[in-house]
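Below you will find one chain, with nothing else, as structure tokens; this is the form predicted on its own, and questions on how it binds or moves follow later.
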């Protein structure tokens, strides 16, 4: 292996203020004991690719970081990445830079809907889809995904048709978070046809689009064909791919010029004027030279997933682990423990010193589940799972 995914990086919150360490709380709202492992928030415990670090250092040494626009060079690099990694041919002027993907969800709601309009969200869902919809006075239309005994999620198209008749916009999460599904072209096309028939705009959050396991292929929604592209807003970033979330940069790709102009005008009226200089620099370096690092990262995450699944099969055979098709976030059903969602969360934080994402954070459809972040050195994962087993054994929950 050329790159280092084994070294533990000290993210002491006193020194670095790293978010996922600061948000941890036990069941009583107190900070948990030192040593609690946060495998929750979707950023990695890996240093990013060396090519990005070098580019950031060079930009820092330049020392002149005034106002700027993203460069033609950045736009060309983004276009090339989409062509090489996703077989999607885009034009440089389709790219709208913004601070992050989540703000783009809000901008889309303000740009293309009115208070009271229906917005389709496929649940269980990343909480910002529901949060953005409710915070802006829109109505959440839940299209709950179907799940089989093996933990595999599929789309309830009959329900989607009903909800589309009441909707103005659909938030598509592709690959899906938290289930890790990589939707097939056939599934995406069926979504698109339903939305086109009902005049529903598709806003597709594809921030995990590069984190795809072997045997699966991510299809950018807009790449299905022109009629789908012209009715879409594609939200992308390398923030997850290369662990760049703190640089606050995303590329929103909008092929339709009218939709793009409306989106840009709404950005302006809501105060989105500039992005950080370092975000585009990091992204361009990744686009141009980061592919080898990413390929090794995906292999390492697959190894962590295999380790996690084998551990659960050995010690907790009744726990259903969903197949990891995309993302680095494993989704697993702990209902067999016989604990309520609140009791399960308290048990993990207070007794196991393990901080995960509780299923209810993804809506009622997530009840009984936990989400674990696998983007960490394997010894951290092994330690976390060992503590889970020890805690369950002490409680009589080990199966």
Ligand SMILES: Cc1ncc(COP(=O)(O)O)c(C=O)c1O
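Numbering follows the first chain given and starts at 1. Everything quoted here is computed from the prediction, not taken from an experiment.
One more form of this protein should be noted, the form predicted together with this ligand, which is absent from this view; the next part is about it.
Visitor: Just checking whether residue 208 would be counted as a contact of this ligand in the predicted bound form - the rule being heavy atoms within 4.5 angstroms.
Guide: Although this ligand is absent here, residue 208 would touch it in the predicted bound form, with heavy atoms inside 4.5 Å.
Visitor: Should residue 275 be classed as touching this ligand in the predicted bound form when contacts are defined as heavy atoms within 4.5 Å?
Guide: No - in the predicted bound form, heavy atoms of residue 275 and this ligand never come within 4.5 Å of each other.
Visitor: Looking at the partner-bound form in the predicted bound form, is residue 240 within 4.5 Å of this ligand by any heavy atom?
Guide: Contact check for residue 240: yes, within 4.5 Å of this ligand in the predicted bound form.
Visitor: Is the gap between residue 289 and this ligand in the predicted bound form 4.5 Å or less for some heavy atom pair?
Guide: It does not: once this ligand is placed as it appears in the predicted bound form, residue 289 has no heavy atom within 4.5 Å of it.
Visitor: Looking at 151-159, 181-189, 121-129, 69-77, which lies within 4.5 angstroms of this ligand in the predicted bound form, counting heavy atoms?
Guide: Stretch with heavy atoms near the partner: 121-129.
Visitor: Would you kindly say which of 100, 262, 166, 256 lies with a heavy atom within 4.5 Å of this ligand in the predicted bound form?
Guide: By the 4.5 Å criterion, the partner-contacting residue is 100.
Visitor: So this ligand isn't shown here. In the predicted bound form, which residue out of 356, 330, 42, 353 has a non-hydrogen atom within 4.5 Å of it?
Guide: That would be 42.
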